[in-house]
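Okay, here we've got a single chain as structure tokens, the form predicted on its own, with questions on binding and movement later.
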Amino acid sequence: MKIEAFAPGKVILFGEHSVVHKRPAIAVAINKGVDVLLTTRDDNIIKVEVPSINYSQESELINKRLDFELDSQNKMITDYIYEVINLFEFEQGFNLNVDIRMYLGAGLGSSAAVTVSCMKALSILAGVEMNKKTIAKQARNIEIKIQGAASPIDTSMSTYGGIIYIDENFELERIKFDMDLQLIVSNCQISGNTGKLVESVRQKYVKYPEIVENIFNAMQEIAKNAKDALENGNSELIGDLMNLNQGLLDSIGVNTVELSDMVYLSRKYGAKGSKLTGSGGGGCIIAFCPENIDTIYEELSKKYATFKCEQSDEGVYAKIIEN
């Protein structure tokens, strides 16, 4: 049997950092993510391959299960794969090829996409019926086990796809959307420390409460207006709001020289809007490019790791391609 599965990654379009302080945010599932190819074997060996990190490992099924114990000190992307395998019993071995087609550790939800895509494929092989609600819940449980804490955003985006509005109470609402959101993601390949950045923003809030409160309130208004702009297909407003959001993120100290360079380079060559995505301090920017996307991609690619993408409406899916 051969099974193919895919789960999308995500970008934060609006509201990073302010969402930590109970303001709304908007996340978008993108059509770059994780492809899984599962092929059954005639023995009890499970072979896991992750080409992007040159990983290949064989393990043996014992009494239909894999004996994998998580090393809490060594958080690897492969841990998510083995934790998913641990959920099921299998009658035979298999080869599992996990092709991660986005940047790792750059705020794009790679661990969630790995977890969700593997869960979808392996549940089919194990003969276990799992709807999207169950997959999202189980995937989040795995992220919590490995990371110690995890919001539902990444696993929800990888499972359901689409564009999601996260309100002040951290409730998720799917945005009705009828346009192509042509995006470029560019990676400065410097990693920011999310925990330290969140804490630095919190300290600024304590030190300058009225000023930072007003910044968060402005981010809130941007997210609310952006929801309306997305629902109405207003490209001009989406771009303007992204640029405003970037300025506010800069003001709370999470921007960098490299991120700024990518932001302004994309605007120079025609992006309607561009901003960092995620916690900042490194990682990626997103550029909204309803026009000139090829030129913008070409120019950013000269200096930075870059890919084109758009929203992924479907979320996780799988199919049996050979039985």
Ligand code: PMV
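Counting begins at 1, following the sequence as shown. Because the structure is predicted, anything quoted here is derived from the model rather than measured.
Keep in mind that the form predicted together with this ligand is not shown, yet the notes after this line are about it.
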| item | value |
| --- | --- |
| Asp154: touches this ligand in the predicted complex, heavy atom cutoff 4.5 angstroms | yes |
| Proximity of Thr194 to this ligand in the predicted complex, heavy atoms at 4.5 Å | yes |
| In the predicted complex, Ala226 touching this ligand (heavy atom, 4.5 Å) | no |
| His17: touches this ligand in the predicted complex, heavy atom cutoff 4.5 angstroms | yes |
| Contacting member of Val114, Ala121, Ala139, Leu108, with respect to this ligand in the predicted complex [4.5 Å, heavy atom] | Leu108 |
| Contact segment among 61-69, 273-281, 37-45, 290-298, judged by heavy atoms lying within 4.5 Å of this ligand in the predicted complex | 273-281 |
| Members of 198-224 lying within 4.5 angstroms of this ligand, judged by heavy atom, in the predicted complex | Val198 |
